[in-house]
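First, one chain by itself: the form predicted on its own, in structure tokens.
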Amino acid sequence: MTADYPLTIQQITAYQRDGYIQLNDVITGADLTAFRDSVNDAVKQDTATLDPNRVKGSYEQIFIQCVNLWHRYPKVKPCVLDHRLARIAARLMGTPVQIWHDHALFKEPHTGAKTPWHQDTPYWPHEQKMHQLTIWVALRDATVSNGCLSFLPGTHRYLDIEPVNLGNPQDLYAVAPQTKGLKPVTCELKAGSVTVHNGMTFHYAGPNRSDGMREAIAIIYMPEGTTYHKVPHPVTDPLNLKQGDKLSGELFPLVAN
């Protein structure tokens, strides 16, 4: 993928107004096949040593989760760092963008539980919490039946709301009473289509009631110059960062201006 995806001014305006947007047919043909196969193989390798008969905790019941595959699997790297996806992020965000991390999210057939309503950014160790965004790539069709995403438009403006415990979620209206009356928008996607959402936009995925795996990968971007806020996170815990350090270098590359 080389040429920019043809974003319109109207789409950029809609994203900035609503905090999310659906973009169709972003990855197609052989590119989609290579992307899907590389992520699939990486997830299989990452989870090969897990006991299939283990008792899963409430969080693990939601999805199979593998973070930063691009660091460890050479075939995933060009997919995650793809300039075309990064340019979508930069144009919607309005700033140069760095990779924060990737996040394979496979929801298992019949057992993949719902993903509760939540915002993403409150979980992340960033001092700036306004413009991060996620490009959520459907590697196979994402439907209501298998757990596609839904969004609450405009909720990217809701700041300082406590993070939802995904394993033991509170009632949304108890956490964010200002969401009462908002109508969710559900985004079914063909394989290769994406949703893009601001890290503060409330979103949800239903359970997977289908016979097949819901296969998706989230690629998360942050504005250039994002600095570290000292809270626990598996991506930054090993790095011995100090409060206010820039998240930079080969782990967090600049991918689009």
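Treat the numbers as computed from the prediction; the structure is a model and nothing was measured. From 1 onward, residues are counted along the sequence shown.
Although not depicted, the form predicted together with a small molecule is the subject of the following passage.
K.L.:
Taking the small molecule as it sits in the predicted bound form, is Trp100 near enough to touch it, meaning that at least one heavy atom pair lies within 4.5 angstroms?
P.N.:
Because no heavy atom of Trp100 falls inside 4.5 Å of the small molecule in the predicted bound form, the answer is no.
K.L.:
Heavy atoms within 4.5 Å of the small molecule in the predicted bound form: does Asp120 have any?
P.N.:
The answer is yes: Asp120 has a heavy atom within 4.5 Å of the small molecule.
K.L.:
Going by a heavy atom distance of 4.5 Å, is Ala176 a contact of the small molecule in the predicted bound form?
P.N.:
Output for Ala176 is no: heavy atoms all beyond 4.5 Å of the small molecule.
K.L.:
Taking the shortest heavy atom distance, is Leu149 within 4.5 Å of the small molecule in the predicted bound form?
P.N.:
Within the cut-off, so yes.
K.L.:
Identify whether the small molecule in the predicted bound form is within 4.5 Å of every residue in the set Tyr20, Thr143 and Val194, based on non-hydrogen atoms.
P.N.:
Not a single residue of the candidate spot has a heavy atom within 4.5 Å of the small molecule in the predicted bound form.
K.L.:
Using a 4.5 Å heavy atom cut-off, which stretch among 154-162, 183-191, 103-111, 77-85 contacts the small molecule in the predicted bound form?
P.N.:
Comparing against the small molecule in the predicted bound form, the contact stretch is 103-111.
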